[in-house]
Structure formats: structure tokens, C-alpha cells
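A single chain, nothing else alongside it, follows as C-alpha cells in the form predicted alone.
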Amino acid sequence: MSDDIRKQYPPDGNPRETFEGNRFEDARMQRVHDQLMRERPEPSENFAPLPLALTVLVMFLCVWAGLYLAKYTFEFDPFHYNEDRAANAVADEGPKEVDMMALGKRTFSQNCVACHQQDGQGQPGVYPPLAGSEWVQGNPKRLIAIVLHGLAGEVHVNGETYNNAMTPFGRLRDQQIAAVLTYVRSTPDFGNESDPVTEDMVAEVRDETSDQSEQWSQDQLDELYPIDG
């Protein structure tokens, strides 16, 4: 029998070189199996729903936050903010007195200071001054009309010429317009000493000029609301 045939068909009891001679014995196989069984599975990303108690708590906090904001923020209007108001104080249903000078100064800072400057001196040749201006201290209706519908083109203030455009501020409430004009007409900071402007005056001019769709020119104002009118 050739050597090749002996390798392929060995005598009984003799293992073949390629398989039986290298086979695992039972004890070793068991050890490998035990080690594999002890291995933890690879981590995987799965969806885990929130616990029911946590879900209910989050929903309760959202509802509470909405009710709190609705009750205490006054529609987020900054003019209603009062840091001295007690958290559980009963709201006064009666009319509230508004400090028109304080409201006017705040409105001026938010809408007017960029052009007319903090001291009311304006910018030479561009934005006319409010301090010591005959336009400010004269006919209040003229001033109200300008705030409501704006002003464009060449204007002459205190003997100086200015040529630019003022944005209409008709979006402001009558109270805000009355307050800011009261402020610029009477604040010591500008050296003006004119009478205050009321909400009724603003409402009257708003109604009178409801058809005005463009910014005023000086000629239109001189005809409709002269400075000394």
C-alpha cells in the first residue's frame, strides 16, 4: 500500500493527520463553550420609553408654566412690570395712574434716541433737534401728526435746514405717543417748558389724519397744522 493511500485511509485506531489528530478533546471544548457563554452581548442602541410618572410630571409642569405666564406676565408688556408687586397680591381692578414722564422717557429711548440723540440735539443737517425747537414747543397737533405719519424732505428748524425722512410711529398706542411728546415738550433735559399732550389729543389727530398715507412735507404741515396754530 502506497504512502498516499495510508494517509487517506489509515489503519484502525490511528488518527488522520489533518483532522482527528487536531480535534478538541471534550474537556477543552467545554471550557471554550463556558467562556463564550460568559461573554456579554454587544451593546446596542434601543428606544426606551420614559417612565409614566416622569411623563405625567413633565405635562403638569408645562400646564403650570402656561397658567403662571398667563396670570403674571401681562402679555409681556414692559410697561406693566412692577418689581415691588407681591406675588399673591390681589389685582386692583380700578384705573391705574401712569407716570407719563417715565413712560415718555422710556418710549423715547426705544424709538427716538438713535436719530435725535439722548440730549435731543439731533444730527446737523440730517435730524433736527428737539431741544429748544419751535416745532416741539409749538402747536402740539403738528407734533402728533408728525409722529403718526412721519416727515420727509427738506425742513427748516431753528433757522437751520435738514433733509432726511422720519419713520411713522402710528403703531404706538395713543398713551405712548402722548407720553413721549409730553416728555420732549417738558423735560428739563431738553430745556423745553410746554404743556403736556393728552391721549384725547392724539386720538383726535389720528382721526383727522386717518386718510394720510404718505409722510408729511413741511408745506403740508404749515397749511394744516401751523406752528403757532
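The first residue of the sequence shown is number 1, and the count goes up from there. A quick note: this is a predicted structure, and the numbers were derived from the prediction, not measured.
Beyond the structure shown, there is the form predicted together with ligand HEC, which is absent from this document and is the topic of what follows.
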property	result
Segment that reaches ligand HEC in the predicted bound form - one of 29-37, 54-62, 162-170, 196-204, heavy atoms within 4.5 Å	162-170
Exercise: L181 in contact with ligand HEC in the predicted bound form, heavy atom 4.5 Å	yes
Interface membership of K105, ligand HEC in the predicted bound form, 4.5 Å heavy atom rule	no
Non-hydrogen atom contact M101 with ligand HEC in the predicted bound form at 4.5 angstroms	no
Exercise: H149 in contact with ligand HEC in the predicted bound form, heavy atom 4.5 Å	no
Stretch 116-143: residues contacting ligand HEC in the predicted bound form, 4.5 Å heavy atom cut-off	H116, V126, Y127, P128, P129, L130, S133, W135, V136, L143
